[in-house]
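Form predicted alone, single chain, as structure tokens, below.
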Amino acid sequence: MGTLSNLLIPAVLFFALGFLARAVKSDLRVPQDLAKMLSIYLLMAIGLHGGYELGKAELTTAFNAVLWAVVLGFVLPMVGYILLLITRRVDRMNAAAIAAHYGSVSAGTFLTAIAYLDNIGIEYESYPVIMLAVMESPAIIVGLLLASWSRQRLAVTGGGNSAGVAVMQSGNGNGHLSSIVREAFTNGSVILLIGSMLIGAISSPGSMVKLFPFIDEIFMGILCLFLFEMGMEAARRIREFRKVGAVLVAFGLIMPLIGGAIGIAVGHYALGLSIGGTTLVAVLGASASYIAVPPAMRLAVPEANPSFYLTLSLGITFPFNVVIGIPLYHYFAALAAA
């Protein structure tokens, strides 16, 4: 019953409701401008909250956690992207968008892991909370870099989708790394997320307290609206998911195990955290974002199919981590510490 209650949260249920509404051909619709505003709010609120947590941390003790959070945020999307291309069933643009989700984190999964550790009386450090705030941006940047590179390679090759073509070639002048990096770092989603995080970190605590109703109290309600709209969008394009469904389901189960193993290595060997802290870092590595990355990919990579990355992150990886993953990562964290 406890495991079932972890799945029965409003955000997940509203995603299912949106999916159902579209599947039964309801006349419910979310205006496009409102969908964009919901995306902007979520990115801003996540950035402000993460910056606030970062600003409270002692600089010297937080540095290693931030450094490894950035490393995980860059490495995990590359691992996911390569795995997806190896399947030869997913095109580059969808692979880039999906990979960004698996380099980022799921706050819902993280909070579930904290509840799990509290329930069994396992203590943990606060550093994974800082890592949670930091890991969103690098994964989005890598996803945009991969998407930009893929977009330019497709233009050079005439739109072919073969996964065997090397994506790390620069092509003509428009494919130079500098232009791709500039496009990724000046993307509106990245500027908003990083800028909001900086504002949250340097603002006075008193002024940030006044923002808590904006970034905390209404957050889950806005998230429910956003996921409701994304559920309808996923249902609209679900037929495309069926074409590569088995491959993506396998990826949605294997990638968390890879990310969790990398997270255990980072938490135990690189950061020297306790079993509880290592478990939380493993959860960060294993989870897939369904909050910050979907709006960023929706705005910046419209070629990607939301039914792919949303169904994977919310429909496959999230329940897998809640039901099986968290206890499994805790077991292997304890094994590493033995």
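Fair warning: this is a prediction, and the values are worked out from it, not measured in the lab. All residue numbers are counted from 1 along the displayed sequence. The term rigid core refers to the maximal set of C-alpha atoms that superpose within 1.5 Å between the two forms.
Quick note: we don't show the form predicted together with a further copy of the same chain, though the next part is all about it.
Annotated contacts: 14, 195 and 222 all touch a further copy of the same chain in the model of the complex [non-hydrogen atom within 4.5 angstroms]. 199 is the sole member of 238, 111, 257, 199 with a non-hydrogen atom within 4.5 Å of a further copy of the same chain in the model of the complex. A heavy atom within 4.5 Å of a further copy of the same chain in the model of the complex is found for one listed residue only; from 57, 37, 270, 70, this is 37. The stretch among 247-255, 141-149, 260-268, 113-121 whose residues place heavy atoms within 4.5 Å of a further copy of the same chain in the model of the complex is 113-121.
Taking the partner from elsewhere, residue 214 is found to have a heavy atom lying within 4.5 Å of a further copy of the same chain in the model of the complex. For residue 86, no non-hydrogen atom is located within 4.5 Å of a further copy of the same chain in the model of the complex, even though that partner is not displayed. In the model of the complex, residue 126 stays away from a further copy of the same chain, with no heavy atom inside 4.5 Å. a further copy of the same chain in the model of the complex is approached by residue 44, whose closest heavy atom lies within 4.5 angstroms of it. Although a further copy of the same chain is not shown here, in the model of the complex the stretch 12-35 places heavy atoms of 13, 14, 17, 21, 24, 25, 26, 27, 28, 29, 30, 31, 32, 33, 34 within 4.5 Å of it, in sequence order. Put the two forms on the same core and the Cα of residue 285 is off by less than 2 Å between this form and the one not shown. Once the rigid core is overlaid between this form and the one not shown, residue 205 counts among the residues whose Cα shifts by 2 Å or more.
Shown in the overlay between this form and the one not shown, fitted on the rigid core, is a CA shift at residue 226 of 2 Å or greater. Distance between the C-alpha atoms of residue 193 and residue 133: shorter in the model of the complex than here (change of 3 Å or more). Relative to the displayed conformation, the Cα-Cα distance from residue 147 to residue 44 grows by 3 Å or more in the model of the complex.
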